[in-house]
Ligand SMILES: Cc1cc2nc3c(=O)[nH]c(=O)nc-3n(C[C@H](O)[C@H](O)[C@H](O)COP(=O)(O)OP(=O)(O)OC[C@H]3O[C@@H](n4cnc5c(N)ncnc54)[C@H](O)[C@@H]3O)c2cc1C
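The data below hold one chain only, encoded as structure tokens and taken in the form predicted alone.
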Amino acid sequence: MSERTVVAPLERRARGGTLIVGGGFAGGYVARLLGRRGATIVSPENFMLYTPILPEAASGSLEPRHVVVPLRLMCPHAELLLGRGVGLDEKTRTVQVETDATVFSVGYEQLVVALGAVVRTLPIPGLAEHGVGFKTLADAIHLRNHVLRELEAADAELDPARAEPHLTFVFVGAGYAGVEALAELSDLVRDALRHYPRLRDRRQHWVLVDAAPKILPEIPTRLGHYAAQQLVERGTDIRVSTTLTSVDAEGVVLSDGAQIPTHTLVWTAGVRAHPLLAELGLPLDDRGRVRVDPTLRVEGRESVWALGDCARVPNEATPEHPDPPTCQHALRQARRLARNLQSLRRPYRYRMLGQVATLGRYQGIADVLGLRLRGFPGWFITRSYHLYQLPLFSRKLRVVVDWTVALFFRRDIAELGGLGHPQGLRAQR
């Protein structure tokens, strides 16, 4: 079909009266927790990405398919519409849904907006053309393939000076995503170099850049210092209170004047609310997030709710600031919202139990209920927590199998950049 067709409004009605726009962590869990009451999910993908273990998919510790959970399995009583919500008519209580082939309207009694966030970029020369994000599964797979191709390119260079940019990797953003991705990928390269005899004595250059005065500013200072120490001992060049000035195909320029030749710039410097929110006519704050009251209902609306990274969620346990965009908070918001949709509405209240992060193989940090762990105990607690939160026993088992195999074998170094991009029969004649 060359053109999208528009079917009559109210062609569909949301199952159970609840329509959830967004099938990410927040939206997926709301649908799951509603149980047999049912819901209709509108999502561009048929899976929920469990983002906390995305760095391990990038490094090859986990099979990429195992860090996602099919929504049809996760939410067996929900209907899934593969598409995007592109318009909202509150008078008729309908959402316009766009798929690859059609555009149609879905009626609802209660609407849940859980569009999540997208990568926050800045108007830095060359960033859009040469930077690599780390937000989606496609980003993680692309980054892994890119890093392995850089090793092949370095191995093919006869001049060590020309090989150096291929072995230099710059990460901008020293939050959880940046630190964990750098740690995991440096482990991947360290394992891979066993199979590149010509590169064993070549210098690798891992650079971590952030505008903040320290890395991982969200965690207690002592654990942050430990994480920084571990990265430095592994050869990471940490540059705090520093920003990216420009980037091109040959390298990057930093605000401290450093010019670093590289072909790899990974941008993990924050997220912003989904831009589609501006088209839905809902009240937004100065950062583009939907404004909601303590019950997670959109301000000034009776039957519209919002949660997750796309919403400014007030938390009665921390009234001085709204919830941060983390999976831990999105899950607790989903639990509260699912209850509010089914029974008496109560305000959302959640005090964070702790924070965890991995720093590569057998190294991690954890702050859980005031108990601060680092090294192997921190790594073990981090993995245990993620395994506990991952939905579906079948997914937990697949992840455990992957982790067990990784204990005994080095990471696979096959570069699969052509995966999903067949040449086609014409090209093979």
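The numbering used is simple: start at 1 and walk along the sequence shown. Bear in mind that the values here come from a model prediction, so they are computed numbers and not experimental data.
The discussion below concerns the form predicted in complex with this ligand, not included here.
For the options A57, V399, L34, V42, the residue carrying a heavy atom within 4.5 angstroms of this ligand in the predicted complex is V42.
In summary, among the residues R272, H263, H146, K135, the only one with a non-hydrogen atom within 4.5 Å of this ligand in the predicted complex is K135. Partner proximity in the predicted complex, defined as non-hydrogen atoms within 4.5 angstroms of this ligand, places exactly one of 221-229, 120-128, 177-185, 343-351 at the interface: 177-185.
Using a 4.5 angstroms limit between non-hydrogen atoms, H205 is distant from this ligand in the predicted complex. Under a 4.5 angstroms non-hydrogen atom cutoff, this ligand in the predicted complex has P325 among its neighbouring residues. Though the partner is left out of this view, A26 does reach within 4.5 Å of this ligand in the predicted complex, counting heavy atoms only. Contact annotation: R190 falls outside 4.5 Å of this ligand in the predicted complex, judged by heavy atom distances.
Residues A114, L115, G116 of 100-116 are found to place at least one heavy atom within 4.5 Å of this ligand in the predicted complex.
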